[in-house]
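The form predicted on its own is given below as one chain in structure tokens.
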């Protein structure tokens, strides 16, 4: 396991209550693992805590990265180990060229341009069109997100935390981003994907469901998705859309109905 959370609890700023309670799950190396759940369930809080942001310190539990206890490490120390976070809103660093911005985090400067070109191609941006282009208001939101993701890829981290990476994008662009996530995994990087959208989570190998700060289940994505649909009352929608295709075909209608009945009886 690359990342392990053991009984992680994160309080509010005033310490009066907890945002997430006793969360425990593991993330396999070179996988895509989603944290899913409705807005306000604690997903982003958990992501920021894993990254080491000082305002999201845990009050109980442990965070391990590649077997090493990083609970008390700061954000810089965690970044040096290979953990990085791509924000929901792309960074507003105007005035730099795309080449300069993407190359900022590259440690090996000897193959800098080659690595930038490779990162841009990974996110489906043509290097000849974007290398010398300035980051400014002429770029769309989707382009900015791709550029930030390229900068993240160029750093060659071991774990990329993506917080609602498709927020504000149209359906066609979202489909392209899902393909990009699979390409990142092929580069031997691990993705922790934060999303409240069940269709985005479909790209995942595994998932953890958070609900009002509590962990409901961690399992394969289809199994977690059934629980999410049951709690959210999305039975017919899920049967019609989510549970189609080879990735979810192992669950028949009777099994899904039983899970919904169990949830309704609680």
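Model, not experiment: these values are computed from the prediction. Residue numbers count along the first chain shown, from 1.
There is another form of this protein, the form predicted together with a small molecule, and it is not shown here; the text below is about that form.
Mapping the unseen interface onto this chain, residue 148 falls outside it, with no heavy atom inside 4.5 Å of the small molecule in the predicted bound form. Although the partner is absent here, residue 233 is not a contact residue: none of its heavy atoms lies within 4.5 angstroms of the small molecule in the predicted bound form. In the predicted bound form, none of the heavy atoms of residue 156 sits within 4.5 Å of a heavy atom of the small molecule. In the predicted bound form, the small molecule lies within 4.5 Å of some heavy atom of residue 19. Residues of just one listed stretch (64-72, 216-224, 43-51, 23-31) have heavy atoms within 4.5 Å of the small molecule in the predicted bound form: 43-51.
Contact check for 82, 181 and 205: none of the three has a heavy atom within 4.5 Å of the small molecule in the predicted bound form.
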